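This document opens with one chain alone, in structure tokens, the form predicted alone.
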Amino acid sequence: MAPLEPWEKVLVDGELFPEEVHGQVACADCHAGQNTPDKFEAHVGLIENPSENPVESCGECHPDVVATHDSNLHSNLEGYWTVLDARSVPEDHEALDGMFANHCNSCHATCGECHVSQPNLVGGGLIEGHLFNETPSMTRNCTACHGSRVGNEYLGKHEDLRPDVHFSQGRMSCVDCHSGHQMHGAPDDCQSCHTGPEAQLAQLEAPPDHRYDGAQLPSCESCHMTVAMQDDDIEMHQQHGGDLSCQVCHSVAYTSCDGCHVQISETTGNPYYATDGSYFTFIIGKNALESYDRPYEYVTLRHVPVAHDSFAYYGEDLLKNYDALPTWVYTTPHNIQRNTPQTESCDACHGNADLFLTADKVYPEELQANLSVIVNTIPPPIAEITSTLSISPTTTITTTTVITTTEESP
């Protein structure tokens, strides 16, 4: 979309907006300012983004949504701090907090940046003349922020890579899988809202602090029940329905990044966030988050853009516990295809070391951090597996031995 002029970004639809429920609220009730026809006086004390304070601006009409605001990952960005806290030590928190405020906090999204305007991160601007959209725009809200990976993969914007089948065949938008319930930070368990005798136990559960924390929502198995039950005629589903994440077989190449860090501008001398490079990968590794909700042994992995010296501008060795977390992490690429190179045959994966995260693919300085996800033994080719024949509960004999015996027999 072409850049908007400043006046275009705040243009209110004078016909439609007054007719909707939000248009019947006086402007100053949300935006403050002064009630005067003089433009400059009217804007004194103006609150540009009222939903920065959602309790005051939205809570009267949307108490259920505001009640979960503190656990909304879009607003609290807790996922970032989950990682930063794990890689650092408490005494460096103040320096990291300054870095975060300068370079990361712009990813924060308010109610209005999803339902009224484009996010400020991508320039802001009203989407439909200040009309409030119950369902955010996929391209002007969701992928405006989640674009470099999720959006480009899902919409097929990478050369020679098809869009996700859910988009190309189903025309599904983000909210078809990611519900408003989740986006607003509501808990995954029913009891937290619908209280009963077990309510006290439910309140002990901490809200998710990472996108892969808690129940797997959405999950492929929620819609593809025959796969989850291993109740179809696809042999790979029957063999691997419980030990491989769906993306291991049904994703294609996706983007990984290296060396995200604070760099100094040669022009202004100011710090800014930069990434050394991005590249296409398809890597299978061990599941470091194995749990009841994510029981898989193998998952797809993506390299995250972090380095030992990512924040060196703000202090020396701020990531003292850098090795506490892998740099190759569990990922769910948004580029699902029914037919992929992995689904062509069993040996597309078995015996194919190119697809697995082995130690030789990991930067030496990151080896220790990734021990939990590195695959030490590649699954052998199918021929090696099937060549072992069981002839008794305690004895096995290989086909190679059988052939040798036959040749030596008279």
Partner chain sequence: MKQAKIPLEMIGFLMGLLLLVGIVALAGCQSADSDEAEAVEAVANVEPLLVETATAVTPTEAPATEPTLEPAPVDNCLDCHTNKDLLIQTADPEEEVIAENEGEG
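Nothing here was measured: the structure is a model prediction, and the numbers come from that model. In this text, the rigid core denotes the largest set of C-alpha atoms whose superposition between the two forms falls within 1.5 Å. Numbering follows the first chain given and starts at 1.
Keep in mind that the form predicted together with its partner chain is not shown, yet the notes after this line are about it.
Only one of 66-74, 53-61, 364-372, 31-39 places residue heavy atoms within 4.5 angstroms of its partner chain in the model of the complex, namely 31-39. With the partner removed from view, the residue among 310, 182, 82, 255 that has a non-hydrogen atom within 4.5 Å of its partner chain in the model of the complex turns out to be 255. Residue 278 is the only one of 135, 105, 278, 321 with a heavy atom lying within 4.5 Å of its partner chain in the model of the complex. At a distance threshold of 4.5 angstroms between non-hydrogen atoms, residue 27 is in contact with its partner chain in the model of the complex. With a 4.5 Å cutoff on heavy atoms, residue 9 counts as touching its partner chain in the model of the complex. Of the heavy atoms in residue 148, some are within 4.5 Å of its partner chain in the model of the complex. Within 4.5 Å of some heavy atom of its partner chain in the model of the complex lies at least one heavy atom of residue 274.
Scanning 330-358 for heavy atoms within 4.5 Å of its partner chain in the model of the complex gives no residues at all.
Shown in the overlay between this form and the one not shown, fitted on the rigid core, is a CA shift at residue 37 of 2 Å or greater. The pair residue 73 and residue 271 is tighter in the model of the complex: their Cα-Cα distance falls by no less than 3 Å compared with this form.
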